[in-house]
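Only one chain comes next, encoded as structure tokens, the form predicted alone.
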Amino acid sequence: MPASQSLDSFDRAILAILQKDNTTPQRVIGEAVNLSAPAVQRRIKRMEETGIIRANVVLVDPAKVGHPITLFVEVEVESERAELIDAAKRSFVAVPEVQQCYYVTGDADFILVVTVATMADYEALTRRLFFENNNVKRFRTFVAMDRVKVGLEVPLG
């Protein structure tokens, strides 16, 4: 059974609260959804164990910690052989500046979201990730001018 079908209205309400602030005390969540704190705790634990809740993280403003430049990079590879695609995925995952990586359909094979301190840092990154990789055919970069909306909140409607 897909995880979404195993979520009841209490689980969805708990997730909605945690997605906004995962430091909300279980007692406060319980009051908001009409459950006891231990019941909330059991539900959260179950959702963590089943992978519905993947992590508890802090969202950091990149500009305030010295990484003011956000870039979107389309990457096209020469060969889509499984082992080469897997190697590309591993190389992108290993780089901390790559915030998100998507294997996609269309003209590009990957879309990356990258954050760097300077364009010189990005140039160095392109040399390591793209120019030194024989399987990268081309890449195209888009520089974000403004972070209008950034979030990872999943609609639970």
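Just so it is clear, the structure is predicted and the values come from calculations on it, not from any experiment. Don't overthink the numbering: it's just position in the shown sequence, from 1.
This protein has a second form, the form predicted together with a further copy of the same chain, left out of what is shown; the following refers to that one.
Chemist: Every residue in Val77, Ala120 and Asn134 with a non-hydrogen atom within 4.5 Å of a further copy of the same chain in the predicted bound form?
Modeler: No, none of the three is in contact.
Chemist: Tell me, which of Ala37, Val60, Ala32, Ala124 has a heavy atom within 4.5 angstroms of a further copy of the same chain in the predicted bound form?
Modeler: That would be Val60.
Chemist: Does at least one non-hydrogen atom of Val28 fall within 4.5 angstroms of a further copy of the same chain in the predicted bound form?
Modeler: No, Val28 sits far enough from a further copy of the same chain in the predicted bound form that none of its heavy atoms falls within 4.5 Å.
Chemist: Are any of the heavy atoms in Arg42 no more than 4.5 Å from a heavy atom of a further copy of the same chain in the predicted bound form?
Modeler: Looking in the predicted bound form, residue contacts with a further copy of the same chain do not include Arg42, since no heavy atom lies within 4.5 Å.
Chemist: Would you classify Lys89 as touching a further copy of the same chain in the predicted bound form, given a 4.5 Å non-hydrogen atom cut-off?
Modeler: So Lys89 counts as contacting a further copy of the same chain.
Chemist: Taking a further copy of the same chain as it sits in the predicted bound form, is Ala13 near enough to touch it, meaning that at least one heavy atom pair lies within 4.5 angstroms?
Modeler: Contact check for Ala13: no, nothing within 4.5 Å of a further copy of the same chain in the predicted bound form.
Chemist: Can you name the residues of 118 to 157 that have a heavy atom within 4.5 Å of a further copy of the same chain in the predicted bound form?
Modeler: The stretch touches the partner through Arg140, Phe142, Val143, Ala144, Met145, Asp146, Arg147, Val148, Lys149, Val150, Gly151, Leu152, Glu153, Val154, Pro155, Leu156.
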